[in-house]
Structure formats: C-alpha cells, structure tokens
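Heads up, the chain below is alone and in the form predicted alone; it's given as structure tokens.
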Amino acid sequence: MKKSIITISREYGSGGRMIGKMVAEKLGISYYDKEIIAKVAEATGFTEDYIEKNGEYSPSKSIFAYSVVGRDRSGSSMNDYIFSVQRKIILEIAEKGPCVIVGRCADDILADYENSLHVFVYGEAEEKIKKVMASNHVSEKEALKLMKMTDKKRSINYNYYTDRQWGKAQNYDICLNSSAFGYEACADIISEIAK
C-alpha cells in the first residue's frame, strides 16, 4: 500500500528536517514544518515565535511543568489550547493529500491513517554536536547543552500529549540513523518505502 502521508520525528541535530524536505522533493508532495507554526499562529493570534516555543516543547525540563502552568476553569492551559489547534491543522493538512509533516506529535495524531508512514530520525552525538555548533555558531559545550535541552523538552511534550514515549522504536514504522546512512540515503529509503 502506498504511504502518502509521511511524518518525521527527529532528534535535534539529526537532520530530520532536511531529510523531510528531501523526501517531499523526491516524491513531489507538500512539505509542512514551519508552515504549521504560521497556521497555528494565524488561528490563535499568538506570534509565530510563541507557537514555535510552545507547540513542540514543554514549558521546562520536567513533566511536572504541566501541573503548574496557568489553567482556565475547564482545566486547560495555553499549551493545551495550542496543541488542540495544532492537532486540528495537522488533521486538515492530512486530508488535503500527500505530504511530509515534521514534528509536532504528527505521528501520534495521524496514527490511525492507513496511508501514513511514521519515521524517527536519530544520529550519533558527535556528528549532531558538530551540526548544532555550525548552525547555531556555539561552542561544543553549548551545542551539547542545547541538544540535550531541546530533545528533553520535545520528549516531555510528546510524552505528555500522546501518552507514548518519544523516540521509542515501537511508536514508528521505521527509525533511521542519519549518521550511519547520511541524509540522502535516509531520504531515499523513506521515499522507496512510501512508494
């Protein structure tokens, strides 16, 4: 069966975003990443920067952060509101047709779609650190700290909103080590499986 909706979850610095773009180009389908942030910002009235920081990352490096964030009378927080809008937009995107969606719990949101392929991209620490150093113009120590903090906050957010464990192989159809295969080969593998 052809897999026309591809979700890419990724470790920070693994190149998942780049691989997702390459897959979309190879298959000639739409690509959604920052576009989701813009759509959520438009729907909520929040800035894109606010959505980027609160739509995929936990408020802190602890799951308990969700228990202390401000909540309204119904028990919902601003993060919950952003997630619900983001979820609705991801479902609308999937209904439009073939696409690649990066991050934002899309693999869980679209888990019941038979025509979906869910991918997790990870990499070796040394290679990811070099990439983070180059793209953020930071020292090795700062790159490692940024990498750990970003993945921790992504993991907590994912675990909180999906009741699943971020990065656990059983949650995805395929897990790829971008350090072992390289971006191009990862994109080729995903594209071939999707066909």
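In case it trips you up, residue 1 is the first one in the sequence shown, and so on. Here the structure is a predicted model, which means the values were calculated and not measured.
Not on display, but discussed next: the form predicted together with another copy of the chain.
Peer 1: Tell me which stretch of 164-172, 45-53, 22-30, 134-142 has a heavy atom within 4.5 angstroms of another copy of the chain in the model of the complex.
Peer 2: Contact-bearing stretch, as computed: 164-172.
Peer 1: Though only this chain appears here, would Y113 touch another copy of the chain in the model of the complex if you measure heavy atom gaps against 4.5 Å?
Peer 2: It does not: once another copy of the chain is placed as it appears in the model of the complex, Y113 has no heavy atom within 4.5 Å of it.
Peer 1: Can Y183 be called a contact residue for another copy of the chain in the model of the complex at 4.5 Å between heavy atoms?
Peer 2: Although another copy of the chain is absent here, Y183 would stay clear of it in the model of the complex, with no heavy atoms inside 4.5 Å.
Peer 1: Quick check on L117: any heavy atom within 4.5 Å of another copy of the chain in the model of the complex?
Peer 2: Taking the distances in the model of the complex, the answer for L117 is yes, it comes within 4.5 Å of another copy of the chain.
Peer 1: Counting only non-hydrogen atoms and a 4.5 angstroms cut-off, does L176 reach another copy of the chain in the model of the complex?
Peer 2: Result yes; L176 sits at the interface with another copy of the chain in the model of the complex.
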